[in-house]
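Take a look at this single chain, the form predicted on its own, given in structure tokens.
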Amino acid sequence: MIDVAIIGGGPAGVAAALALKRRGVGRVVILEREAVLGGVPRHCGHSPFGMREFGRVLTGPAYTRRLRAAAEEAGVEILLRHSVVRLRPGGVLDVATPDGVKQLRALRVLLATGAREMPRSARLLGGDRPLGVLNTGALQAHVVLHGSVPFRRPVVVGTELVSLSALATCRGHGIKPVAMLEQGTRQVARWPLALFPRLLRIPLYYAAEIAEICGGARVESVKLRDGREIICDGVLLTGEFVPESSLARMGHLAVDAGSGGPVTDQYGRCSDGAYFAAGNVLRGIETAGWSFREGAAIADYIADDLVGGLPYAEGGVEVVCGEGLKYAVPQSLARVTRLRGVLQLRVAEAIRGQLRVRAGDVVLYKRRLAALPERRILVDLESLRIPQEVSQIIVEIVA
């Protein structure tokens, strides 16, 4: 019997494994579908990674080597090329292994499957289907893992933090983007990072969307919805991350329509109490460092749960997103005298107003807020004093 099975060997999964071993949990197993541990950062040939975790500024590959070494030193059991294909109630997993499909049983299971960028098909981009249309992960795999350059003068779509990461990758491998497109009226990445395209002398167009990708064997140009045409040899689609929550969707776990990830309480516990979740499977937008810290925090709750130290999950408080909000994580709060952790919120569009948490007409929390899409908004759960009779709270942004 496995004490804790962790699905996914990225920062959240490895951090959880390390924390569980520190807590004295016996058999901790990481199930990783790839041939190496590390998750997305192993593709990222740029810095900074690892400042809080290891006290060093590291590139992505160096960071993942540190993760692997730490897991091995801690005595974590690592099963590579093991792909979980089904979650069953009570911590039973169907796993595709190099030796065929097997069934594993664990007292607790942590979902740490991360996120993926939205592909071209989901972005509804019209036009031809030439070579040279990639997302950031594919670009980084090309140049970092395989040493190949897929294009020289691409158009970059998006201005999120990962978009700037993509620019750093391009700059380090002789790729010179001809334009950067943002469908909104301002960049998503925070200042001063938002200055990076200007420093690289890359034209940045706002309120700009691709209507059509043109080309024969390879990309030759893109046509924008306003009629402009940009000559290029590739299209780099960045950002718009979605949780890699297919296991939860295909199985029995509840999934939140807003975040796209599994429904959890403040302990990361899913709708089946044998399952927990941490990292970008919850909301698909955070950094490796945030995911690492969250994985470690949720692991502490799992260790508590193994010895009966977590409050009962039934009869909790439902968290409902009201006006102005895209989603909230967690979506449920177990009833305890003192709440721990944070409520993480996101907005779909730029908004100003008063952030409120209320139970019916009773306001439990409020503050003025100016928020932008994909920016982290946090509410300290300890600041909420939820009456015992309340079964639902509403989080909203009002003028």
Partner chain sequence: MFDVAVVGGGVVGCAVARRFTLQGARVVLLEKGADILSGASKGNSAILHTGFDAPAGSLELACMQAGYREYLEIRERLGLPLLESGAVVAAWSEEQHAKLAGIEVAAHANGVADVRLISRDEILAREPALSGAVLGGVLVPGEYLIDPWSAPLVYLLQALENGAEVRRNTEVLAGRFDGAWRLETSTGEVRAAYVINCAGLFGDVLDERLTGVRQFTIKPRKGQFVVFDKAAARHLRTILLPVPEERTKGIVLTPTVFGNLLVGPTAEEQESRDRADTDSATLRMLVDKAVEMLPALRDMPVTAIYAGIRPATEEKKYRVRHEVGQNYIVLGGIRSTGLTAALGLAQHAWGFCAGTYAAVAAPVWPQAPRLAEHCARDWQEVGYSEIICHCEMVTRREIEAAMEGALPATDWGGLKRRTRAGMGRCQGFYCNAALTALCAGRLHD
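Residue numbers count along the first chain shown, from 1. These numbers were taken from a predicted model, which means no experiment stands behind them.
One more form of this protein should be noted, the form predicted in complex with the partner chain, which is absent from this view; the next part is about it.
This chain is drawn without the partner chain; in the model of the complex, the residue among A207, V101, I231, V307 with a heavy atom within 4.5 Å of it is V101.
Residue R33 is the only one of R33, R335, R65, R27 with a heavy atom lying within 4.5 Å of the partner chain in the model of the complex. Residues with any non-hydrogen atom within 4.5 angstroms of the partner chain in the model of the complex fall in just one of 275-283, 163-171, 188-196, 114-122: 114-122.
No member of the trio L107, L378 and L381 reaches the partner chain in the model of the complex with any non-hydrogen atom inside 4.5 Å.
Taking non-hydrogen atoms only, G127 approaches the partner chain to within 4.5 angstroms in the model of the complex.
Taking non-hydrogen atoms only, T287 never approaches the partner chain to within 4.5 angstroms in the model of the complex. Contact between V320 and the partner chain in the model of the complex is not found at the 4.5 Å heavy atom cutoff. Remark: A179 does not count among the residues lining the partner chain in the model of the complex, judged by a heavy atom distance of 4.5 Å or less. Using a 4.5 Å cut-off on any heavy atom, the residues of 73-111 that reach the partner chain in the model of the complex are, in sequence order, R81, S83, V85, A96, T97, P98, D99, G100, V101.
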